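Encoded as C-alpha cells, the following chain is the form predicted alone, with no partner shown.
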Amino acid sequence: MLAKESHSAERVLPLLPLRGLLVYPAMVLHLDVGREKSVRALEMAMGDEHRILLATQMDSQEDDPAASEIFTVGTMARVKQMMKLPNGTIRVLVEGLQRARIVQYVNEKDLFEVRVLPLASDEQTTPETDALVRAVMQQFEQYLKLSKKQGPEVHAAIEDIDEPGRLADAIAANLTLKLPDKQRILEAVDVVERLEIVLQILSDEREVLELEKKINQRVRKQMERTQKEYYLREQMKAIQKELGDKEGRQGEVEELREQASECELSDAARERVTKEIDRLEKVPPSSAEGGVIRTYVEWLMALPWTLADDLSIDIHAAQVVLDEDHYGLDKVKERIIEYLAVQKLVQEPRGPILCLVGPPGVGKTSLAKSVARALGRKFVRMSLGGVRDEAEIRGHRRTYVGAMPGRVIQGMKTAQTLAPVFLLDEIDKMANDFRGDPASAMLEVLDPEQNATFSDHYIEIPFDLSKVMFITTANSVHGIPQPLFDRMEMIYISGYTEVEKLRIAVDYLLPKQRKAHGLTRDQLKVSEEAMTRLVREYTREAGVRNLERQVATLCRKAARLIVAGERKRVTVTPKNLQSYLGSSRYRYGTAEVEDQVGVAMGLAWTEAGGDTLAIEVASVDGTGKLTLTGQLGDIMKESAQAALSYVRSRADNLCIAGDFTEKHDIHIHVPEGAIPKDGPSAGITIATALASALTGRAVNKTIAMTGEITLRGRVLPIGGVKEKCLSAHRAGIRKILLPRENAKDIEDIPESVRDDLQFVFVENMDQVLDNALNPLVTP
C-alpha cells in the first residue's frame, strides 16, 4: 500500500522540535515548552488554526538544533490547550493528526517555519493486514504478561482499535523503545510495513523479557537457597547453644570457612578447600572421617600457594655474604654468582638445581645456608640419608591411617614461600627396597620441566616447585642414579689445602670457638706456627670439622685454667701445644735427608688432601719372585707389574744384567702398611725405584713424581694434581715430574706455591729416569 502524497496539499506550518520524545497520530499528550524558538512557534500556531508540526531532534542534548539535526518526518498536530507555568515554561496539550514530511525550511532565524507535505496511507483491510494485526495483538498480549509495566486497561483500549495503522501506532506508543526505533515506525507510512516493524520489535522485546525472567528466577532461587542455608545454620547454632554443645561440628565448619577466606589460595586449592568443608559439614560428629577431612583442609590452607616474596637480587651483596661465610671455594662462589646474575637478567625466579660434591667437612651444607642468606630467602634442609620409602618424598594416600604429605611438601609448609632455598642433603645416600625407590620419586622434584606441577599423593593438587632453588649435596657421584645425575649441575669441591685450613682456623674457627666458650681475644691467643702444627700433626681430613674440634679443645683447656684461677691468659705456641692436645696423632711426609738407592718419592691423593708416598724397592738373591707389600690395591699391583715389565724391556739401555729376574727376587714396599693404597698414579715412581735398585743409581732427594706408566714406557695423566703438589711443597720438595697432559692443571695451584716449585712435564719413562736418577758413582 503506497502512501498518498500530493503537492497541492503542501502547507506552511511552525515547527516544534521535540527532545527525546515522539508523537504519533491520534496520540494526545502534554508537552512542556521553554525554548524561545519553540514558544514563538506555539504563538504562531495559535493564530493559524492551532496547527503545528511536531518533529524530533536527533540529539536530545542539543539546545539549539540546526535544520539538519531534526528528523524530516514528523506529526501534524492540533494545539488543544496552552497554560503558562510559574517557572516561565508553557504546558501544551496536543493531539497528533497525521504524518507529514518536511519539504523545505521557510524560516530558521526567529523560529522554525517549514513547508510540509501530509502523508496519508490506505487503511483498507486485506487478508495480509488481518493476519499481521492478529500476530501483533498476540505478541503484544505476551509482552504485557511478561513486562507487567502496563495495566489491563491498555490492552482493552488497544483491542478496541479497528484501523490497522492506528493500532500499530498505539502499540508503538506503549512500548519502551529507543528513539531510532520509534522514528522508524513513524516513517513507515505503509501500513503493512509499519505492522511488520512493530511485530519484529515486539518479538525481540518478548525474547529479552523471557531471558530476563529466567535470570530473575535463577537469582531468586539462589538467594532463597542462601537465605535458607543461613537460616538453618543460625537455627543449628541456637540449638547447640541451648544444648551447651560449644564444640559442635557447625562451629568447627564456620571456623574453617573464616580461615579459608583469609588464606591466599590458588583457584584449584580454594575449590578443593570449599568442597572438603562442605563434606565436613555433612559428616556426623562421631565419625572419624571428620578428623581426616579437617587435617587435610588445614594442610591445604597452611601451604604457600602464591608468590608473595620480593625476589630482588643484589649481586654485590651476595658476593659479600659468601666471602664472609667461607674462605676460598672461589669456583663454587663464582658459579653461584653466575646463576644469580642470569636470574636477575631474565627476571624469573626459576630455580637452578646445583649439586655440591665433595668430601665430608668441606662446607657443602653451610654453603647452601650462605646462598639463602645472600639471596634473602628462607632456607629449608631435608636430609635424604637412609631414606628408603618413596612415600617420604611423595606422601601417603589419605586412605591410610596417619597419612601425611611427603617431606618436600612439609618443607614448603615450613618455608611459607614458593621460592625458598631447599637443601637436599646427602642425596647419594638414598636406598631402595620393597617400599619403592625414592631416587625415582626425586626425578619429578628435580626436573625443571616437571616440578611446576609436582603431585603429592596426600595433597592431590599440583604444587608449583619451579621457583624453588634446589641445592643438593653428595660425598660421591657414584651413588647417584644416572637419570637423577643428569638433572643436576655438578660443582666439585675438593678438600682444603694446608694454607686454606690455616686461614680458616685463624680467621673463622678460632673467633667462633672463642665466642662459644666465653673467651676474649686477650684471654686466648694461638700463634700461627702453633696452628700450622695443629693442622699438620693433629688432623688429617679434607674438611675442617676435626680441626674445629681441636680448636674447641684448646678453648676448653684455656677456659678451665682461667676459671680455676691458674692463668689470666693463655698463649698457645708450637712448644706447649703438646701439653694441651697430647702427642701428635699423625705424621706427614717429608723429603729424604740424602739421595738413596731404591727409594723414590711419589705423590698420592687422599680424601684428606695430598700426601707424599715413599716407595722402596729391594733386590736380593733369589729365583725372580716379585713381592708386593703395604696393603696395595689391585690397580696398584698391576702398575708394579707394568713397571717391572718396562724395566726388563729396557735392561740393556739401563746397563742391567739380562738374567736379573732369574737370580734376584724383587720386593716392592710402600710404607704405612696399615693404610690401604690403590690407583695407577704411582706407576712411574715404582719404575724409578726399580731402576734405581737394579742399577745402583741413587734417586735425587729433591724430586717427587706422579703418573701412570704403560708397558711401552709412556706416561699417562692422573688426577688430584693440586693436592699432590701442595703436599710436595709442604714436604720440602722443589722439583716435580708431571705427565705432559697435566700441564693445564697447574693453574689450579696457588701462585705462592707455584713460585717455589719447578715443574718438569714428561711424556715417557726415559725422560723421568734422566731427571730423577743421579749418575752412577764408581768406587
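A residue's number is simply how far along the shown sequence it sits, counting from 1. All figures in this text were calculated on a predicted structure; none of them were measured in a lab.
Same protein, other form: the form predicted in complex with adenosine-5'-diphosphate, not shown, and the subject of what follows.
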Q. Heavy atoms within 4.5 Å of adenosine-5'-diphosphate in the model of the complex: does residue 365 have any?
A. yes
(Q) Taking any heavy atom pair closer than or equal to 4.5 Å as contact, tell me whether residue 299 reaches adenosine-5'-diphosphate in the model of the complex. (A) no
Q) Is there any non-hydrogen atom of residue 326 lying within 4.5 Å of adenosine-5'-diphosphate in the model of the complex? A) yes
(Q) When the contact criterion is heavy atoms within 4.5 Å, does residue 637 count as touching adenosine-5'-diphosphate in the model of the complex? (A) no
Q.
To verify the annotation, which of these, 512, 569, 344, 257, has a non-hydrogen atom within 4.5 Å of adenosine-5'-diphosphate in the model of the complex?
A. 512
Q. Which of 708, 611, 537, 548 has a heavy atom within 4.5 Å of adenosine-5'-diphosphate in the model of the complex?
A. 548
(Q) Tell me which stretch of 353-361, 624-632, 678-686, 528-536 has a heavy atom within 4.5 angstroms of adenosine-5'-diphosphate in the model of the complex. (A) 353-361
